[in-house]
Every structure is written in structure tokens, then in C-alpha cells.
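Just the one chain here, laid out as C-alpha cells, in the form predicted on its own.
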């Protein structure tokens, strides 16, 4: 930074790391049949099949609203995905069912409270969004030690949840921080959720947020606030479905990857107001936490 200037250099479009995924997948249709396809955006393609807006003729005629992802496999590029798609389509149904059963077992999610030892996986997921997306306005990647401290500090007053697959992959995380530091804001939190790019749109975020919001409610927090970069219609719809309402927008609030971005303010009431409010329970009992997480995990 030269003398007389203020702030960091702007993040330009060239700073965004390229992300060109390719996937093959199997969808379970309402009649139990399996449809094979490929895509470079798994969440968007799944949405297209379910709504019929650009989905395949087969899924449109086989109960499109009920289709479920039954298998997903990452490929290095589009040509590899097309070859793998052709191979999947030729498989006998028994072999497709075996792939789907194995994928379901490996992908089964468990939501649990994080520990500082989860920091390496959590920061790797967060940094993906730092370098690829505008969901966060952060320019520089965070460090594992920063997130180790972050997890420990969050757990002193609120949940920090992780969703892990049966084969040990981090699928997503959700947490809450103080909305502001002054005492009058003690009953308010800001919530955060991030999902791995390959599980977006598959229910991971809903599991995490459902548990997070109930735990915060039980602690005695009154309001959960969320900041959502605009445009992000998927996140808008997700938060709206979970009880959030947008109450304001900061126009041109941040500049990242060569574009100005708006910031939407969303709020979710957790408890009816009391006068005076009881102090927040900064720690819930182990049995109470286990009850909430057990319900989300289907235990």
C-alpha cells in the first residue's frame, strides 16, 4: 500500500479460483427406478429435475417432485463425466442398486458438536468459499489456528455444529456468534452455515440449521440474524424456509472478485419477548444437547 492510500487492494475477477466440477449421478424416481445423468452443478441440476425446469424427460414423467439423489461421483472433467455417464446407463439395475446402497451408507450424516480438533477440516471448507465464492467478503484464507480458537470461543456461549459423513468427510458446519458485543444485545446471535460444494442442495444445511436454531432457542436467545450476500437466491430460499425474514438490504456493501455485492439482513425470532428477559443459558446440559441432535440424526 502506497503512502496516502487507505485499505486493501480490491479483489479482482482474476483473483477468483476456477471451479469447474463434473459429476455423474443417479436419481431415485418415485417408482423406484434409477436415472443416470451428468452435470457441472449438482445442486442446480437436482433442483431442475425436481421442478421440471430444464430437467430430463424421464424424471418429468416419473414423479419429478419426488426424485432423490441416490448416487454421486466426482469426475476430473466433462469428457470423463460423459464417459462415466454412458457406463452407468449400461449397468444392470442390480449393479446400480449396489452403487446406490454403498453411496448411501458412506454418505449418511451425523450432526455433532464440534471440537477444536475439527479446525483443520472446518477451515479448509471455509477457505474454499474465501477463494471461490462471494458468500463471505473475506479476501485472505484463514488459518487452522484461527479456527481452532474460533471453535473454542463459540462453544463458550453457543453451539458449533459439524455434519460428518460415515466415511469421515466434513459435509458442513453451522455456528452462532454474538450479534454485537454491548450488553443490550446479549439475547441476539448471528448464525452461519457452510456446506461442502458437493452436498449443497441435499439437506445438509437444513439438518445443521434445524439443530442450531433449536439449541439457541433452548439457551434463551431471542433473535437469530443472518447476513446473506446478494444475489444468492438459493440461500434466500433456504433461510426463508427455516423461518427467517429479510428486513433490509445494504446496496453495494462489499467488493469482491471484480463486482459490487449487496448484503441482505435476515432475522428469525427464537423466543417470544419477555420483560425483563431471563439471562441466556450459555451452556446446555449434555442430555438436552443429545436429545436435539438425536432427533436430527434420526436416532
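Predicted model, so just to flag it, every value in this text is computed and none were measured. Think of the rigid core as the biggest set of C-alphas that the two forms share within 1.5 Å after superposition. Positions refer to the first chain, counted from 1.
From this point on, the text means the form predicted together with a small molecule, which you will not see here.
J.: Could you tell me if residue 157 has a non-hydrogen atom within 4.5 Å of the small molecule in the model of the complex?
T.: Close contact is absent here: in the model of the complex, residue 157 is far from the small molecule, nothing within 4.5 Å, heavy atoms only.
J.: Give a yes or no for residue 221: in the model of the complex, does one of its heavy atoms lie within 4.5 Å of a heavy atom belonging to the small molecule?
T.: No, residue 221 is distant from the partner.
J.: Just checking whether residue 110 would be counted as a contact of the small molecule in the model of the complex - the rule being heavy atoms within 4.5 angstroms.
T.: Output for residue 110 is no: heavy atoms all beyond 4.5 Å of the small molecule.
J.: So in the model of the complex, does any heavy atom of residue 133 sit within 4.5 Å of the small molecule?
T.: Answer no; every heavy atom of residue 133 is more than 4.5 Å from the small molecule in the model of the complex.
J.: Are all three of 138, 147 and 170 close to the small molecule in the model of the complex, meaning a heavy atom of each within 4.5 Å?
T.: None of them does, since no heavy atom lies within 4.5 Å of the partner.
J.: Which one, 40, 232, 271, 33, lies within 4.5 Å of the small molecule in the model of the complex by heavy atoms?
T.: Looking at the other structure, the residue within range turns out to be 232.
J.: Given that the small molecule is left out here, which of 50, 246, 62, 28 has a heavy atom within 4.5 Å of it in the model of the complex?
T.: Of the candidates 50, 246, 62, 28, 50 is the one lying within 4.5 Å of the small molecule in the model of the complex.
J.: Only one of these stretches, 100-108, 84-92, 177-185, 190-198, has heavy atoms within 4.5 Å of the small molecule in the model of the complex; which one is it?
T.: Heavy atoms within 4.5 Å of the small molecule in the model of the complex occur in 190-198.
J.: After superposition on the rigid core, does the Cα atom of residue 48 shift by at least 2 Å between this form and the one not shown?
T.: After core superposition, the displacement of the residue 48 C-alpha between this form and the one not shown reaches the 2 Å mark, so yes.
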